[in-house]
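Only one chain comes next, encoded as structure tokens, the form predicted on its own.
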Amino acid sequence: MNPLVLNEELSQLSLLVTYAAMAVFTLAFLVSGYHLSQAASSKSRILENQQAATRSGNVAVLEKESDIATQDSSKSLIVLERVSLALAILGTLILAAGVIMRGIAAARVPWANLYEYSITGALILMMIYLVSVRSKEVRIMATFVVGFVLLVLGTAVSVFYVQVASLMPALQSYWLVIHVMVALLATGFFSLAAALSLAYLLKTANWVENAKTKGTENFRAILGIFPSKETLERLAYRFNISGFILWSFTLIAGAIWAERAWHRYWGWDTKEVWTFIIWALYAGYLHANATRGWTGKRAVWLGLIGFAAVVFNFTIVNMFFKGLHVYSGL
């Protein structure tokens, strides 16, 4: 038996629990998607009833009928939204159990390789989202967020999974807890900002606004129930600020840890360089937005470029580049 393997049986059980969380998240994704379609249909019916009332002259009668239909529709929409939220909470709790079990199996914090970083990152993203759902503007993003979490978990269990193993000496430090946890939190905020930015781009896309096909009209109706583009941009900016502050601490903590482990604060290692590139991209985004008046699509695209760099750093750099910080475990 490989001496580095600690408790692979418990790790396999953790993997099964993670699959169970994915099944629940899939239900949450489907219910939230159905909720969006029903909400869009309800809004379209209300507009049609109002137009019919104006044309017919029977405004009072049709408005009363419309109010009754609206109330019934609102009740069903509230139920769907609550079911979607309950499933998201349940999936998060199950995933938390899977992450904790992985940590126990490894006898350390569960984020020392790409698989563990993925499942823990997905958990933190869901936790940040669930804390933010008090805002209805964020709550409506459930389909985007849960869909992204499913993508991360699916990639983790199918591509990134490795057996539990002991840490290399350089990683056996309390800085692993501090540095990586803050990086995970920053990535969670960046991910939510990216979801809001994607919604902004879809809402303002010319092909969506101008297309006349039935499918595109239905899609446009769904986007119509999302917050205004100004609200989406403002929320994305706020999440990006939170992520940037945490990423700044990640950069500083990483330098301190590097000095403890390798006796130098900066060594132009691949991971160090990409961490700085991400910091510079988001610093440019915030600076351009605050001082240069970069708003709208230009700002949104710059924020998404920053998030693309985060994803690149998280996947490609860890899997295909060599360096002291590469920790995929593959």
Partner chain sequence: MSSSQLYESPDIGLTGWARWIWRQLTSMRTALLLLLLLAAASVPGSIYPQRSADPNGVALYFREDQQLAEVLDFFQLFDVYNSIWFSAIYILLFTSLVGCVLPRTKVHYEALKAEPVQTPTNLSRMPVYQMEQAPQGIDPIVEGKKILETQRYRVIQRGDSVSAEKGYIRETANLIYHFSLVGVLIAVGIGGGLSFSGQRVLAEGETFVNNLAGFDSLSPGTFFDPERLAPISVTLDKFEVDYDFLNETNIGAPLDFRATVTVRTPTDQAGQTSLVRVNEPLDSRGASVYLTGHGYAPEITIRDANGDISYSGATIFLPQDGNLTSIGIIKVPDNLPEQIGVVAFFYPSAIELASGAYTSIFPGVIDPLISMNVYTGDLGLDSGIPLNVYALDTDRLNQVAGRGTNNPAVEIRLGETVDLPEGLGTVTFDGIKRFASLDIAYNPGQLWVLIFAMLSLAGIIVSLTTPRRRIWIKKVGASFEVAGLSRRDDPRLEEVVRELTESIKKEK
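Bear in mind that the values here come from a model prediction, so they are computed numbers and not experimental data. Numbering follows the first chain given and starts at 1.
There is also a form predicted together with its partner chain; it is not shown, and the following applies to it.
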If you check in the predicted bound form, do Q172, I241 and R260 all have a non-hydrogen atom within 4.5 Å of its partner chain? yes
Candidate stretches 149-157, 244-252, 113-121, 195-203, one within 4.5 Å of its partner chain in the predicted bound form by heavy atom: 244-252
What is the one choice in I256, A97, M127, V109 with a heavy atom within 4.5 Å of its partner chain in the predicted bound form? I256
Classify V31 as contacting or not contacting its partner chain in the predicted bound form by the rule of any non-hydrogen atom within 4.5 angstroms, answering yes or no. no
Does any heavy atom of L286 come within 4.5 Å of a heavy atom of its partner chain in the predicted bound form? yes
In the predicted bound form, does T270 come within 4.5 Å of its partner chain, counting heavy atoms only? yes
Indicate whether S166 is a 4.5 Å heavy atom neighbour of its partner chain in the predicted bound form. yes
Those residues of 264-303 with a non-hydrogen atom no more than 4.5 Å from its partner chain in the predicted bound form are Y265, G267, W268, T270, V273, W274, F276, I277, W279, A280, L281, A283, G284, L286, H287, A288, N289, A290, T291, R292, W294, L302
